[in-house]
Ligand SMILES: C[S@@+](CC[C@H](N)C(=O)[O-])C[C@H]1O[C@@H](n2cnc3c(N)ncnc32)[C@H](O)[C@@H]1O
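What follows is a single chain, given as structure tokens, in the form predicted alone.
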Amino acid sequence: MCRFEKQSIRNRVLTQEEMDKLGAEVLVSDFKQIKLEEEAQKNWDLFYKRNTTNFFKDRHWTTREFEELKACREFAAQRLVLLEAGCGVGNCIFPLLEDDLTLFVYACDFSPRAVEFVKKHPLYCPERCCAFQCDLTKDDLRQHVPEGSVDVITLIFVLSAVHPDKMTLVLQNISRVLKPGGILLFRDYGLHDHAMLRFKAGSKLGENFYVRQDGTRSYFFSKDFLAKLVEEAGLQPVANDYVLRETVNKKEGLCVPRVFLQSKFTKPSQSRSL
């Protein structure tokens, strides 16, 4: 199994068969869509009940992909403050805490069960980490995180689980706790990723928005759509590119195209009131 990864200014090109498949999809009923929205937290809590801490691998790649996690300090001994928005069970924050002994992390998640897993982790220490449950679409982060106090926010494979109509609310919420000049690091599913094309009939909720069998949902981002969202939230782009990856299994003759969107945004020094 080999993986090849590159940055790209363009998304992957679909075959005619793939375009026909996407064009023939029928939307899930309004009744089911309302039910999925109402039960979103329940479905993610059940996800973590089934999978505990075993589903996702620790993300040791974040400092390689986002040099800002190390390079944005004004001086070497500065204590960097990070918010992991949508922390899951801590697959991103604990490798960072282990690697950077001066780091302080706020960590929140939609699922109360996921937050409990974070708090039970051997590396969890209240002096270095504050984990709490939060619905980023409606719970004001400033109840837990001082306004304008965070140097870096990571939003990694999180916004895709939110209904597109509420994504701007999430970005406005996290922007309030970001320092002027602070940076938001984003990585999520890109438009026409292999996972998007694997959904079976009866899974489509809207344009580029799908539901999995377990009731959790996933949106697939275009660069233009994400750029519009962050502009509405008062943030400015630093980088916004697709990451195209091919997973090749020569033995079975398979080539699986993966598409991610990897982006960086900053909060201007004179940000408008949200």
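Computed from a prediction, not measured in an experiment: that's the story for all the values here. The numbering used is simple: start at 1 and walk along the sequence shown.
There is another form of this protein, the form predicted together with this ligand, and it is not shown here; the text below is about that form.
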{"item": "is_contact(Phe157, this ligand) in the predicted bound form, heavy atom dist at most 4.5 Å", "value": "yes"}
{"item": "4.5 Å heavy atom contact, Tyr48 and this ligand in the predicted bound form", "value": "yes"}
{"item": "Partner proximity in the predicted bound form: Glu147 to this ligand, non-hydrogen atom cutoff 4.5 Å", "value": "no"}
{"item": "This ligand contact in the predicted bound form: Asp193, any heavy atom under 4.5 Å", "value": "no"}
{"item": "Partner-proximal stretch of 118-126, 97-105, 135-143, 175-183 relative to this ligand in the predicted bound form, 4.5 angstroms, heavy atom", "value": "135-143"}
{"item": "Residues within stretch 82-104 having a non-hydrogen atom within 4.5 Å of this ligand in the predicted bound form", "value": "Glu84, Gly86, Cys87, Gly88, Asn91, Cys92"}
